[in-house]
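The chain below stands alone and is given in structure tokens; this is the form predicted alone.
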């Protein structure tokens, strides 16, 4: 699989996330027409991530969000009551989307080696189509209140757990020589993060996401394979 193929199937990911938000929070969202609500939620979602990247979520006000979206304060309150509610929605739905896509692709292949390769590739591809979301939670986690920090940590550990499960499967099948599975998974994660946190470095060197994925797969497999 190449990034261009993956991107074709996930081109409307923001709309998919916002449609899930509308359906899961239908009791609290005051707008009942789905298409209108989803359209405004897409606007709010994109604006919140954009403003967060420019000034930080903690410094962003609802008035800033009004100006960026063109919606009134009353219209914003139709979807969430506070800025913290918006943070919770973005965090929860983004995590669900990423975990769901990764598990879908991992379950679609049979061998443990293929599962490891696809997990690495899809994680990188997701960070490529939704970089603002990945950077948002990496940068904003330290400013979140304790309850939200716990959710961010849980998301980080959930991604690691995907790799832990694959590595354990490989060890049981005597394909991977891994002494400390948890530590190995925790080292794989920063190598994935380096792609979107230091993207300027790879852009300057004209390295594509496919090249990075291929290199990382080869590098990790050499370390793991018997």
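Here, rigid core means the biggest group of C-alpha atoms that superpose within 1.5 Å across both forms. Numbering follows the first chain given and starts at 1. On a predicted model such as this, the values are computed, not experimentally measured, just so you know.
Omitted here: the form predicted together with the DNA. The next part is about that form.
Using a 4.5 angstroms limit between non-hydrogen atoms, residue 174 is distant from the DNA in the predicted bound form. At the 4.5 Å threshold, heavy atoms of residue 61 reach the DNA in the predicted bound form. Although the partner is absent here, residue 103 lies well away from the DNA in the predicted bound form, with no heavy atom inside 4.5 Å.
Although the partner is absent from this view, residue 40 contacts the DNA in the predicted bound form, with a non-hydrogen atom inside 4.5 angstroms. Contact annotation: of the candidates 135, 112, 129, 75, the single residue with a non-hydrogen atom within 4.5 angstroms of the DNA in the predicted bound form is 75.
Using a 4.5 Å heavy atom cutoff, none of 217, 222 and 225 lies near the DNA in the predicted bound form. Segments offered: 31 to 39, 45 to 53, 194 to 202, 157 to 165. Contacting the DNA in the predicted bound form at heavy atom distances within 4.5 Å is 31 to 39.
Once the cores line up, the CA of residue 166 ends up less than 2 angstroms apart between this form and the one not shown. Core-superposed comparison between this form and the one not shown: the CA of residue 59 exceeds or equals a 2 Å shift. Comparing the forms between this form and the one not shown on their rigid core, the Cα displacement of residue 191 stays under 2 Å.
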